[in-house]
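Okay, here we've got a single chain as structure tokens, the form predicted alone, with questions on binding and movement later.
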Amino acid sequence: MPWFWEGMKSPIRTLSRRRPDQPPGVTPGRPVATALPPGATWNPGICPVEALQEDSGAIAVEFDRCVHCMRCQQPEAGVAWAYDYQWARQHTPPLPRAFQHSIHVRIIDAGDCGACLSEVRQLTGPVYSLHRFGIYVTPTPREADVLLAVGPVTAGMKAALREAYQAMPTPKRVVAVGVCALNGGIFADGFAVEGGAARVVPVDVAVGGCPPPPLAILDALQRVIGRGLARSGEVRA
């Protein structure tokens, strides 16, 4: 078993719980609001989904629309880029204190292309080790405290998503992961797409990105239980 010995010589180190490391590739980064220099001109057509708009001498970012095409990351675009993973927006209070030590998550693929679901699956691996935070994946919504939805909600998954939510015991929370789960993303105008998860179930925490990295998803789940990962990141113009 040569692969076993190679793995022993080059082990995968689990990311720090108190302050997750940021080796290359752990986050793709995201565009952030940027002030325009006096007299500078800016081309709004650089963003194909209109996530960037000029507002009072600055470039405003509607991150819930960003599909990570990376066009605005080019130096000539003049948009600052933050390499962080605190992408979640929390709309409701976290679960009661009794849930801080253990929650169960039901994952629903509501029509995902595979990108966001792939990022979610990485959380159970040795690098992120989701279980050390007391977060466990369950196959049934009847045992779930959190419903994690990925992908645009297709017409065929609309009823399944609603029924899964209704089957969950209270209190319960919903985390929508990825721009498609927020508003349909690039599939929003599709004939078989219902739209974002909020059209079917109440969304408590929204995570933008296309797709968001595992740390951004983990941070969202931590917020559901009243915690959160350590702040980390840098901004580059």
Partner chain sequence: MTLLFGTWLVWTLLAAAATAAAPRPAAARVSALMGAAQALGLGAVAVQTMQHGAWRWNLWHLSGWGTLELAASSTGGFFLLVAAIVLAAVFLFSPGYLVRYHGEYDPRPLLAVLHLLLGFIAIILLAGDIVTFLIAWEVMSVLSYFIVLYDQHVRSTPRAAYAMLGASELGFLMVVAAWLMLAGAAHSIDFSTIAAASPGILPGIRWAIFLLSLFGFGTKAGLFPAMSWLPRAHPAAPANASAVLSGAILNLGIYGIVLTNARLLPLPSPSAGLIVLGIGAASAFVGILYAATDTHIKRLLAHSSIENMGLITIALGAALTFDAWHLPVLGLLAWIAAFYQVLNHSVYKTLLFLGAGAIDQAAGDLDMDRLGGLARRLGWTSLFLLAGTMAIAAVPPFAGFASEWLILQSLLRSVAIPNAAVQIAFALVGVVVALAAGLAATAFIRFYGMTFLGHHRSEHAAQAVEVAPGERVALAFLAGLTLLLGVLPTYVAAGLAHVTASLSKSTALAAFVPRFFQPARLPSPLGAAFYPLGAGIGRSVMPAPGLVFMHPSTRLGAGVVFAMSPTYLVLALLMALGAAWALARALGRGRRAVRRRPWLSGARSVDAGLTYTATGLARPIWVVFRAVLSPGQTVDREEVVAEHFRVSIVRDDQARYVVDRLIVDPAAGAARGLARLLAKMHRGSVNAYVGYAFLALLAAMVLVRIT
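Note that the structure is predicted; figures quoted are calculated from it, not measured. Positions refer to the first chain, counted from 1.
Although it is not shown, the form predicted together with its partner chain is what the next lines describe.
J.: So which of 166-174, 32-40, 52-60, 198-206 is the stretch with heavy atoms within 4.5 Å of its partner chain in the predicted complex?
T.: After filtering at 4.5 Å, what remains is 166-174.
J.: So in the predicted complex, is its partner chain close enough to Leu95 to count as touching (4.5 Å, heavy atoms)?
T.: No, Leu95 stays farther than 4.5 Å from its partner chain in the predicted complex.
J.: Wondering, does Ala160 line up within 4.5 Å of its partner chain in the predicted complex on heavy atoms?
T.: Output for Ala160 is yes: heavy atoms within 4.5 Å of its partner chain.
J.: Check Gly78 for me: does it contact its partner chain in the predicted complex (non-hydrogen atoms, 4.5 angstroms)?
T.: No.
J.: Contact between His91 and its partner chain in the predicted complex at 4.5 Å, heavy atoms?
T.: Result no; His91 lies far from its partner chain in the predicted complex.
J.: Scan 111-150 and note down the residues that get a heavy atom within 4.5 Å of its partner chain in the predicted complex; none is a fine answer too.
T.: Heavy-atom contacts within 4.5 Å come from Thr140, Pro141, Arg142.
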